[in-house]
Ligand code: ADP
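To begin, one chain is listed below as structure tokens, in the form predicted alone.
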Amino acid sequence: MSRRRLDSRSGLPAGLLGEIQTPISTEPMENVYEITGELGRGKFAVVKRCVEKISGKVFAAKFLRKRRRGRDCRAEVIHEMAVLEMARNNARVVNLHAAYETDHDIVLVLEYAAGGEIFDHCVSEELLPEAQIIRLIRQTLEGVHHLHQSNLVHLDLKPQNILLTSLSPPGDIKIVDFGLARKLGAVGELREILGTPEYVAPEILNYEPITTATDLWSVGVIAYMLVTGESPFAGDDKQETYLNVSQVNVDYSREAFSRVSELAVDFIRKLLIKAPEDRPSAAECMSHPWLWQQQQICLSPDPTATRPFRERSCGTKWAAPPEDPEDKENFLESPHSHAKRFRFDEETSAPGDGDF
């Protein structure tokens, strides 16, 4: 049985938006853009690098399938466009430039972020200075706060969905992939089973109401991964991961945080709390002393210092092998796999897509 409720006024699943202002052109996009390569691939989407012929400006073209598993999903693509339009004034969210439609796809032409995912910094053996992590988390919170002011929740915040405008030095962040985003407050409580296990909040697993606090849990997970290089909840299988999340089993040992300030630990502890009402809002998070009192941070004296080797589990990247493309709408089958996923609730999760 589907766990989606319909908004009787729109006929759409609760939390989905159905109106857009961006015109969708049926002109071949190749008339306007030169496609220069593939950036990422999901089960229902491909992201390609493209160059506008007139201006020479680089964009990311996200090709989203309109029909998935025999179901018409055009409304979900329109919803993602509508969310991007609502976030157009948010400097921390990728900008929607144009849209095209073919027989099989809707193509979103999006701002290009050349620096890749912050996930790469989570799995790198080289430490990212804590001052840089603070800047990235502060910018992420700025973006999340702006979304929440519009009653929008992302619901799939993770290091793979936060990109950088440049690689070295790390640029500003851009939040991407709004396929699971929802609008709160339209019709009563919103309850859905969606997200990615290692980053999903306990209330999602328990099918409890979704609130803006659901995103803040994910920010806590991201902060943990950036400062430790470890995924706090990933288990050896999906059941262990769910148990770790539901019981908030987090390693705060001295070994895990050997090069991290106490203020960072305090910040993470305040977000990784089971009860959503006990988590600070994005605005409250931005006033935490960790994000401002940088003189208290104990930075590594050697910027090339490497993390002590420990078995790490940081989830999966979107760049899946061609023979086994990942479906980003589903929960991970194994936190150690590169692409395997499974249906947690066949009709609940939103369509998967790729990053850029």
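Residue indices: 1-based, along the sequence shown. Note that the coordinates shown come from a computational prediction; the quantities given were computed from them, not determined experimentally.
Omitted from view is the form predicted in complex with ligand ADP, to which the following refers.
ask   = in the predicted bound form, which of the listed residues (Cys285, Ala113, Val144, Ile268) lies with a heavy atom within 4.5 Å of ligand ADP?
value = Of the candidates Cys285, Ala113, Val144, Ile268, Ala113 is the one lying within 4.5 Å of ligand ADP in the predicted bound form.
Here the chain is shown alone; which of Val219, Leu163, Val153, Val83 has a heavy atom within 4.5 Å of ligand ADP in the predicted bound form? Going through each option in turn, the one that passes is Leu163.
Can you check 128-136, 201-209, 170-178, 244-252 and let me know which stretch has heavy atoms within 4.5 Å of ligand ADP in the predicted bound form? Result for this chain: 170-178.
- Spell out, yes or no, whether the shortest heavy atom distance between Lys66 and ligand ADP in the predicted bound form is within 4.5 Å. Contact with ligand ADP, no.
I'd like to know if Leu39 sits close to ligand ADP in the predicted bound form, meaning any non-hydrogen atom pair within 4.5 angstroms.
Residue-level check for Leu39: yes, a contact with ligand ADP.
Q) Would Glu117 show up as a contact with ligand ADP in the predicted bound form if we use heavy atoms at 4.5 Å? A) Glu117 belongs to the contact set for ligand ADP.
For this session: Would you please decide whether Val94 lies within 4.5 angstroms of ligand ADP in the predicted bound form, comparing each non-hydrogen atom pair?
Result: Yes, Val94 lies within 4.5 Å of ligand ADP in the predicted bound form.
Let me know which residues along 47-79 have a heavy atom within 4.5 Å of ligand ADP in the predicted bound form, or say none if there are none. Read in sequence order, the residues that approach ligand ADP (within 4.5 Å, in the predicted bound form) are Val47, Ala60, Lys62.
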